[in-house]
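This document opens with one chain alone, in structure tokens, the form predicted on its own.
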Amino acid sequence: MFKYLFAKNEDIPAGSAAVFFGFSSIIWFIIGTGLGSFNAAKLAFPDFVTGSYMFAFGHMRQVHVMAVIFGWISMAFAMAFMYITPALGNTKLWSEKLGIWTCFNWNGGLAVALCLMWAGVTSGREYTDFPWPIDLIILFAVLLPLGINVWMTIVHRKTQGIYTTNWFFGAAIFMLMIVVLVGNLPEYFSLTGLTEAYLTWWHAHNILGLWITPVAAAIAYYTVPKITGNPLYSHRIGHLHFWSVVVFYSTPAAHHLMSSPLPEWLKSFASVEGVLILVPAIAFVSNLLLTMTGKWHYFVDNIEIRFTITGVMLAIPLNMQGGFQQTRAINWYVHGTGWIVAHAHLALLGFSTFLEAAAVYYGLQTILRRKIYSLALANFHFWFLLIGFATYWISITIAGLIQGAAKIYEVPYIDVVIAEHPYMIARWVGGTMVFTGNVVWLYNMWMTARAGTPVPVGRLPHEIAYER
């Protein structure tokens, strides 16, 4: 990376920024899930690593969360931007050099931010934990250059229209910049009380709703038609998905604060719009599954499609669960329980992660023109990720329902801890499986870059992946 930072743009090989973002995302995924496994071990085994505040669960949890969101997920998105956007515009990335500088700033800034958080320098607000100087660095040294590169690539496209994926890409970066700017207003202007709480959860909700969810879906709109050879079933449904995300997912987010003294109309409005997220969800899932018509053998034969369709299918319970957890009838029961944690991981570790993994697998092979080094290791990664995630999700859901019932029936807290202990162990086992699969993934992709079978010009990786 360093040798390209001061090179001329024309001297940088096409796709370099995407490759650096791709490998960076995998490394951050390993770091994030490694921290998650460590934290889960502390819940499963209370005497595990005690005596130091640096390794206390409350001290490390936000480091794990931010490493996954801004390291793994967002860098995988950036990789997809760097190679899918120009591919759909039949052009080159507007500036490889700007992309590489963005990757450099992103890795360095995130490392500094997480170290500061680990040392206790934090805003103390969930999902906006970074201190305000880091927020400004993210906004102006990472998101703005990323957006300029994507927007200018779309402007300089050589195709007549803009495909659904690029609609999502271009809009999501702009919306994320607004979310980061507005969501951190409490720290910029020392806002406190209910205003601070409201803006904090508005930010948290829209990081998922206007960044992670739409970009992950946009990736699927590219990978499924590209690999299967089927055209997208309906561009109109794709546009319905896009605009309904903008309208319904950008909710007031008051459903996170149902027991607070926010205006009742605001909480009701948030609940109704929360249920209406089923509109973009149904549009997305139906569009992708119908695109697979006649090509379902790819789900068995192709690792990228297996990841993608698994992620698409996980969007069904994700949005059903998310929509109805926001209603008053259910929210009062589940608020503050592990079921909310399970839902968050269904979004981040389930739905979005499987779609991003497919993009990284396919993108690195395509740019490097190398066939995957080991399909067996790729299958190992898929199954460890799926089984590990499912183990985590199911166990923490059960623990959350136990907590909800205990809250209603006023069960003594220590009895709740004892009842949920087996599920905390299962949570740790599942998370550790995910971490193990990611280590194998990094090795497989590194070996793909070094020793993967070259892909002939005019061929694509998935076209030769299963030739014998």
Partner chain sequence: MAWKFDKPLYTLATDDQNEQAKYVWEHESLGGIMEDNNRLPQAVVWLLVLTIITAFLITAPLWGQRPMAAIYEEYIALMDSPEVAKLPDDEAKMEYIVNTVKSQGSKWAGHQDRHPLTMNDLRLIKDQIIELQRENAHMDYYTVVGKDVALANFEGEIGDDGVKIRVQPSWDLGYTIDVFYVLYFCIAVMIVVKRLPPSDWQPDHSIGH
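Numbering follows the first chain given and starts at 1. What you see is a predicted model; the values in this text were computed from it and never measured.
From this point on, the text means the form predicted in complex with its partner chain, which you will not see here.
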| message | To test your reading of this chain, name the stretch in 258-266, 170-178, 130-138, 103-111 whose heavy atoms come within 4.5 Å of its partner chain in the predicted complex. | response | 258-266
| W72, Y361, Y222, F307: which sits within 4.5 Å of its partner chain in the predicted complex by any heavy atom? | Y222
| remark: Of V334, L210, A87, L199, the only residue with a heavy atom within 4.5 Å of its partner chain in the predicted complex is A87
| Within a 4.5 Å heavy atom cut-off, is G120 in contact with its partner chain in the predicted complex? | no
| Counting only non-hydrogen atoms and a 4.5 angstroms cut-off, does F384 reach its partner chain in the predicted complex? | no
| message | Can you tell me whether E96 touches its partner chain? I mean in the predicted complex, with a 4.5 angstroms heavy atom cut-off. | response | no
| task | Answer yes if any heavy atom of A329 is within 4.5 Å of a heavy atom of its partner chain in the predicted complex; otherwise answer no. | result | yes
| request: Any residue of 268-299 with a heavy atom within 4.5 Å of its partner chain in the predicted complex counts; write them all down in order. | output: S268, F269, S271, V272, E273, V275, L276, L278, V279, I282, S286, L290
